[in-house]
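Listed next as C-alpha cells is one chain, alone, in the form predicted alone.
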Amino acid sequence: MLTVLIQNPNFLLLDEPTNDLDILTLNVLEEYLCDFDGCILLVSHDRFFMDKIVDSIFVFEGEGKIKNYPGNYTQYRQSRKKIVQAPKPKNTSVSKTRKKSSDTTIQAKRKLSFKEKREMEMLEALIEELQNEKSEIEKQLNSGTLNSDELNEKSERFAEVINQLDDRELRWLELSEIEE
C-alpha cells in the first residue's frame, strides 16, 4: 500500500483497510486519508473509521437500488431513524388501499420475530459495551505506560474486541434490514 501511496494517486479503492492494523498505524492511515486530496472509495464495517473519513455513503437498498447519501454513517443512521419514526399519511382511495394491503403483506414477511427483537436489543447493549472496551484499550495502548507483556495482552484483546464488534455489528445490520 505504501508503494501506491508514494506515487501520489488521485483515486484510492480500499476494501476493509482497518483490518489487522494496530492503533498507531490506524491513526496514521486516518490522518493520511483525511488529508488526501483525491477520491476514496471505501468499504468498511468500522463505523468510527467511516465517520472520520467519509463524507458520502452509497446505500444498497435492495432489488438493485443504490442511493448516494451525503454525510457519514452516523448521520445516515440518524436520518433513517427519523424517517422510520415519521407518521405516514393514511390512504383513502381504492387504488391506494389495494396497494397498502399488498404492502402490509410484504411488511409481514419482513417483520422481526420476538426472539430477533430481543437479539437486536442484546446486540445493541453488547456493541456499546464492546465499543467502550475498545476505547478504553485504545487509551491504555496510547498511554505509553504499559510494559511489553501488558502491551501484547492489550493488543491481543483489542484484536478480539474488534472481531467481536464486527461480527455483532454485521448481525445487527442484518436484523435492522429485516425490521425495515
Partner chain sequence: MSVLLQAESIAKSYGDLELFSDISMSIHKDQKVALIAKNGTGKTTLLNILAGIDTPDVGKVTFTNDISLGYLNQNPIINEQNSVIEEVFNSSNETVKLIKRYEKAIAENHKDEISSLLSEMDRLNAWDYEVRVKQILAQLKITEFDKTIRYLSGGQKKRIALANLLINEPDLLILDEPTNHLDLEMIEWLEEFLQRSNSTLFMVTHDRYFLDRVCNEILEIENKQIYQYKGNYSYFLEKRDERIHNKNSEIEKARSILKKELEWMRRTPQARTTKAKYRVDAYYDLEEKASQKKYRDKVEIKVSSSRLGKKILNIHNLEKSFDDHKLITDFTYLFKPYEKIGIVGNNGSGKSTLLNIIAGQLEADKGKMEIGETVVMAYYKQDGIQFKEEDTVIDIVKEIAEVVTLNNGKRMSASQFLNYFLFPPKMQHSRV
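Given the structure is predicted, the values throughout are model-derived calculations rather than measurements. Positions refer to the first chain, counted from 1.
Below: the form predicted in complex with its partner chain, not depicted.
Looking at residue 163, you'd find every heavy atom of it more than 4.5 angstroms from its partner chain in the predicted complex. Shown alone here, residue 46 lies within 4.5 Å of its partner chain in the predicted complex, counting heavy atoms only. Remark: residue 157 counts among the residues lining its partner chain in the predicted complex, judged by a heavy atom distance of 4.5 Å or less. For residue 63, a non-hydrogen atom is located within 4.5 Å of its partner chain in the predicted complex, even though that partner is not displayed. Out of the listed residues 51, 116, 136, 153, 51 is the one that sits within 4.5 Å of its partner chain in the predicted complex by at least one heavy atom.
Although its partner chain is not shown here, in the predicted complex the stretch 8-39 places heavy atoms of 8, 9, 10, 11, 12, 13, 14, 15, 16, 17, 19, 20, 21, 22, 23, 24, 25, 26, 27, 28, 29, 30, 31, 32, 33, 34, 35, 36, 37, 38, 39 within 4.5 Å of it, in sequence order.
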